[in-house]
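Below you will find one chain, with nothing else, as structure tokens; this is the form predicted alone, and questions on how it binds or moves follow later.
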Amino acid sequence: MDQLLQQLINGLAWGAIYALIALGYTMVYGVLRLINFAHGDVYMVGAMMAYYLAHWLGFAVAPSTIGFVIVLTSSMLICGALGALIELVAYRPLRNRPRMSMLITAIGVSMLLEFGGQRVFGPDPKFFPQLIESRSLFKAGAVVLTNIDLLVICVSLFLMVVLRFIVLRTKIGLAVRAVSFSFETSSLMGINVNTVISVTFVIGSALAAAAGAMVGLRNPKIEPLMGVLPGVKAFVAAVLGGIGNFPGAVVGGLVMGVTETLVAAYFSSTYRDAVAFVILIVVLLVRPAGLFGKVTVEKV
């Protein structure tokens, strides 16, 4: 029982990370009907930016909560700008082209970030600074809850609540929902579709950056290819929950994190990364629309 509880804590922390990344996939797909394969690499850039910002601002040698907040916020702003740039340069010119063109471009942007990251940041792994000193908050037998795990879960939950507020309670959120329904109708109603799509990329990329910065706290080793597998797993989480559905992305991320952690603990760590692909196959066979998705009929 102690091991089960400990693995559930670990799984919830990882699941919160996957949920943040999956929300970015869901937002972009909901608006553009595009799988942004570069999203996992934006997560990597977020971790790298947090690493360099921590050193440049001096927080690497003086850990503090304020330092973590500054580094986290700054990396989110930088990656938000990167997301807007990717949309402007790579996706906007192809918006009226066949959808396959944008999909291929997304793969190209992903490879550019991966191998460009190796060129800019170096291929060698880097060890993320201890911005917050790790300590146990609760210990009962073999069950240990650290402040890092609690921080990851609470910050992720806070960002999800903020996102839900933006989408449901603000004018830009209303515009995002309108554009996701119809480009043409939204434009006729006076909504600037280009601005709304850019905001969607900014928010999704900022969430991915937050996930990258918090992963650096839990798993200090970061490198330019660190976004490949988490990106795929977060995409599977979005599909599992019903891509385009915000609550579904959160639930899918948590299920993914808990499932792979339990598999690694009770079976073998070699199966950890295979879980995502098994879940994807099962979902596509049993419920292609996902847990919260709705099957839609397209008229030809």
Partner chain sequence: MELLKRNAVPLLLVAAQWPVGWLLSQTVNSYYLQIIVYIGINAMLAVSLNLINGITGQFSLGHAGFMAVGAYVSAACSLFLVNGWPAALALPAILLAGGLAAALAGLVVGLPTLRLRGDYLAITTLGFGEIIRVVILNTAAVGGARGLGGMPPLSDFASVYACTIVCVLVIWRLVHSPLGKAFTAVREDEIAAAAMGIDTTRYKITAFVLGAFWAGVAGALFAHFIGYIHTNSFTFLKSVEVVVMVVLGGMGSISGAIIAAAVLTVLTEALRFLADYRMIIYSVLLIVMMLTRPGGLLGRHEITQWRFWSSRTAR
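Worth saying up front: this structure is predicted, and the values here are computed from it rather than measured. Numbering follows the first chain given and starts at 1.
What comes next is about the form predicted together with the partner chain, which does not appear here.
Q: If contact means a heavy atom within 4.5 Å, which one of 51 to 59, 66 to 74, 254 to 262, 267 to 275 is the stretch that engages the partner chain in the model of the complex?
A: Looking at the other structure, the answer is 267 to 275.
Q: Exactly one of 221, 119, 135, 139 has a non-hydrogen atom within 4.5 Å of the partner chain in the model of the complex; which residue is it?
A: Contact check passes for 119.
Q: Please identify the residue among 167, 150, 81, 90 with any heavy atom within 4.5 Å of the partner chain in the model of the complex.
A: The option sitting close enough to the partner is 90.
Q: Heavy atoms within 4.5 Å of the partner chain in the model of the complex: does residue 97 have any?
A: Judged by the heavy-atom cut-off of 4.5 Å, residue 97 is in contact with the partner chain in the model of the complex.
Q: Even though the partner isn't displayed, in the model of the complex is residue 180 close enough to the partner chain, meaning a heavy atom within 4.5 Å?
A: It does not: once the partner chain is placed as it appears in the model of the complex, residue 180 has no heavy atom within 4.5 Å of it.
Q: Consider residue 125 of the chain shown here, and say whether it contacts the partner chain in the model of the complex, taking contact as heavy atoms within 4.5 Å.
A: Residue 125 lies outside the contact set for the partner chain.
Q: Is residue 31 a contact residue for the partner chain in the model of the complex, using a 4.5 Å heavy atom cut-off?
A: Although the partner chain is absent here, residue 31 would stay clear of it in the model of the complex, with no heavy atoms inside 4.5 Å.
Q: Are there residues in 99 to 124 with a heavy atom within 4.5 Å of the partner chain in the model of the complex, and which are they, in order?
A: Sequence-ordered list: 99, 100, 101, 103, 104, 105, 107, 108, 109, 111, 112, 115, 116, 119.
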